[in-house]
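Shown below, as structure tokens, is a lone chain in the form predicted on its own; questions about how it binds or moves come after it.
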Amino acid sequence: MSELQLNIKYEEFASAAEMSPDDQKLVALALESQKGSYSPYSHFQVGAALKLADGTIVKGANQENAAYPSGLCAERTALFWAGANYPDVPLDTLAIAGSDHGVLCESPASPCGSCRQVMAEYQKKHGRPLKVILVGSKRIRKFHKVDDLLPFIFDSLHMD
């Protein structure tokens, strides 16, 4: 038996003002994207802004449905739209912001397992890290690769 340790590295900011101008812009777009949320059941609005390697920015918002689980998370609306419309352009950074009843959460909203797996698959597909920014009113966390959010991904690209 071996006992191993997993270390997760990320940056934490008190506000977007401490971040690079590119990251500030992405945070602002994630916050703005919450306006596109359709969340009449949970009242939890999530916005996502995805920057592609060529500088293109794609936005997404969570979409609920009375026939749960027919809705979709903000992260996946942005990721799938980018995948369908820019299939060969690598992803660079994904910013995510969540609000409860219109009030930005103090702690950053964290992606669900399905979203983490989709992020990991796209990261693997493009062969480069996808940075992830999680936005809260009291702190913002930046991860430099999806592996730090989901270290043991299901990797169907290398199954024999």
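Counting begins at 1, following the sequence as shown. Computed from a predicted structure; not experimentally measured.
Heads up, the form predicted together with ligand THU isn't pictured, but that's what we're talking about next.
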| property | result |
| --- | --- |
| Heavy atom within 4.5 Å of ligand THU in the predicted complex - the one residue of 112, 104, 57, 28 that qualifies | 112 |
| Proximity of residue 73 to ligand THU in the predicted complex, heavy atoms at 4.5 Å | yes |
| Ligand THU contact in the predicted complex: residue 91, any heavy atom under 4.5 Å | no |
| Interface membership of residue 33, ligand THU in the predicted complex, 4.5 Å heavy atom rule | no |
| Ligand THU contact in the predicted complex: residue 121, any heavy atom under 4.5 Å | no |
| Residues within stretch 12-45 having a non-hydrogen atom within 4.5 Å of ligand THU in the predicted complex | 42, 44 |
